[in-house]
Ligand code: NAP
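Coming up is one lone chain in structure tokens, specifically the form predicted alone.
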Amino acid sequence: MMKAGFIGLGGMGEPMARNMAKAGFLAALWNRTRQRAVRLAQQLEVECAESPAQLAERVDVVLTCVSADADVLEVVRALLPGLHQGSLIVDMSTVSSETARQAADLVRQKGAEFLDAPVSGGVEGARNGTLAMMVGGDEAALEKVRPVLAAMSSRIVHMGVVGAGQGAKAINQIMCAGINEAVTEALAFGARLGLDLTKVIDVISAGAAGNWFLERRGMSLLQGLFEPGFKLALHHKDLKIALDMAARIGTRLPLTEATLRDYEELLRQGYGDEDISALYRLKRPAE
């Protein structure tokens, strides 16, 4: 059985690593905050590596899930001394396509392979092993590691060359922005009409306007509960990546620009660690 190591034990990474352990693939962990890795390694009865390079030496595939472009490149550079011919790096972070290509170039210099494999499904999907994964890179490398990825995902789609996975993820994040704007604006409108929004959510969820976000966040946002499934600050980061990618190809994303303005107001108010449904704070009627 393929031995896997996991780097990045945040809100998404930890449950993903747990699912890999349940499937019998996980052999080692590393995290920038070491105590978090030590604690989880003890629980899962796997090794806590001293460094990314040591982790890479001891496994066949390294999976990474970190926050930002600079973090991905930092981790990849730290892995390089431990990579060997045939090593495989699968990065599940959300970064730009250009960063994915830079990381792949570094990894290939060591005779290893790199896949960019961002995911969608939020914390719930990470816990339940039902994430959707969009993969860029060599298709043969994907097939080699597919059993490992299947421990975390219910859908794995090869999108094309390195960077294509991140392109698909940018599309996903743009759509999430639009849905968030539409759902929160519409429910705020309904509140002003004096409607019973519980009934509104129930009936609309069964019709043409029904969607994942309305079903899973509608009731909680009406209650003023914004427990993060996907942190607003992270979506803000992802949308800025999408804007940068759009600028490279000479196109605009007006709805994304509007959502970023709303998010920046919420960040100023201190709500960056809340779920993206906290957008309702700006739209709901004043109490």
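All values derive from a computational prediction rather than experimental measurement. In this text, residue numbers run from 1 along the sequence as written.
Separately, the form predicted together with the named molecule exists; it is not shown, and the next lines address it.
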Is F230 close enough to the named molecule in the predicted bound form to count, meaning some heavy atom within 4.5 Å? yes
So in the predicted bound form, does any heavy atom of T256 sit within 4.5 Å of the named molecule? no
Partner contact for G10 in the predicted bound form: the named molecule, 4.5 angstroms, heavy atom: yes
Is L234 close enough to the named molecule in the predicted bound form to count, meaning some heavy atom within 4.5 Å? yes
For the spot marked by A4, R18 and E143, is every residue within 4.5 Å of the named molecule in the predicted bound form through some heavy atom? no
Listed residue that, although the named molecule is not shown, lies within 4.5 Å of it in the predicted bound form (heavy atoms), from L239, L55, L40, V66: V66
Between the options M159, V90, V75, A103, which residue brings a heavy atom to within 4.5 Å of the named molecule in the predicted bound form? V75
Residues in which of 218-226, 43-51, 29-37, 247-255 have heavy atoms within 4.5 Å of the named molecule in the predicted bound form? 29-37
Those residues of 105-134 with a non-hydrogen atom no more than 4.5 Å from the named molecule in the predicted bound form are V119, G122, V123
